[in-house]
Ligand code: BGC
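Here's a solo chain for you in structure tokens, the form predicted alone.
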């Protein structure tokens, strides 16, 4: 009986050690679970920056080694828009463009958000192209410019530039642009020879004004579907494509690369500027800026000569179905009513995410209160990575801080 009891005790002890060993192995496995603070973070469309100076917030961009920004060449885009306008004027009839024959080309400017890097770049590009640049993107800080109009050098004057802020505080507001255009048409009359906007949404808003002066050229930015259609109809004069499909795909591909364990330049080249193992490669030109950890799509001008190449539904044939392991990403959108994001960016994300085996959970804000997105930036342990689009460009720290715990 004693031998039996001793044998039982030994067996229990062996079992205990085996169980302990199993717990240790489980503990080791648990230790390999990625902390939220170490997961991939991709900011997109709105780069973390100071809303006044425009300086990039590198503290946020260096949150971890897997933090990047995907957008487009904002400064280059402003220059493209400016050149689009200059090229139009160069081939125009001065007698037609100068509506009141005063020898001055007067224009009004819809500013999206005075604190937004993209808006600032577009305003600067427009003013530099027309010679009205006076060293600032602020409303009203301009000088007299000049431009070649059909072979004749003419004065250019910015009659007024205004930030389009809605009654709810939202920026880039199309309804505010409609109201502004109505007021401008009444106030300036035939002094308005041209209308320029920081985005298509506001440009289309201007066209909604009941007293919009017929035939006055108007330029937008984004190449949204309704804007492309308006160019085809002769209502909108020109816009600029940010190559939204390239941006959306790059946002997802950078996340995919990081989640697959890629490091170094592979993060911003594989599947982007170089084919990945599935043969995927973004067709549009992309550029990586290591000093700001930013991957940028290049811009192209769109007008009556090439608008058909940018019609709705055109997708990048260079992106195909992958068999990569499925991953979950939480993605925020600063404003559910933003024309560019809702009509162009999100549809592109929804198209390419399944191809890359990324399951998106999308949180949309109101464009005014950061808390609408921040309060729903939760259950972070359930996701493998995060894509962040902020209401305010200086809100980056508020998001990454939530990943600390």
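Residue numbers count along the first chain shown, from 1. Everything numeric here is computed off the predicted structure, so don't read it as measured data.
Just so you know, the form predicted together with beta-D-glucopyranose (BGC) exists too; it's not on screen, but the next bit is about it.
This chain lacks the partner; the member of 251, 123, 241, 199 within 4.5 angstroms of beta-D-glucopyranose (BGC) in the predicted bound form by a non-hydrogen atom is 199. Exactly one listed residue, out of 68, 63, 340, 352, brings a non-hydrogen atom to within 4.5 Å of beta-D-glucopyranose (BGC) in the predicted bound form: 340. Partner proximity in the predicted bound form, defined as non-hydrogen atoms within 4.5 angstroms of beta-D-glucopyranose (BGC), places exactly one of 40 to 48, 54 to 62, 358 to 366, 372 to 380 at the interface: 40 to 48. Interface membership of residue 107, defined by any non-hydrogen atom within 4.5 Å of beta-D-glucopyranose (BGC) in the predicted bound form, is ruled out. Contact check for residue 334: a non-hydrogen atom falls within 4.5 Å of beta-D-glucopyranose (BGC) in the predicted bound form. Contact annotation for residue 193: none of its heavy atoms lies within 4.5 Å of beta-D-glucopyranose (BGC) in the predicted bound form. Contact check for residue 116: a heavy atom falls within 4.5 Å of beta-D-glucopyranose (BGC) in the predicted bound form.
Within 4.5 Å of beta-D-glucopyranose (BGC) in the predicted bound form, a heavy atom is found for every one of 72, 172 and 222.
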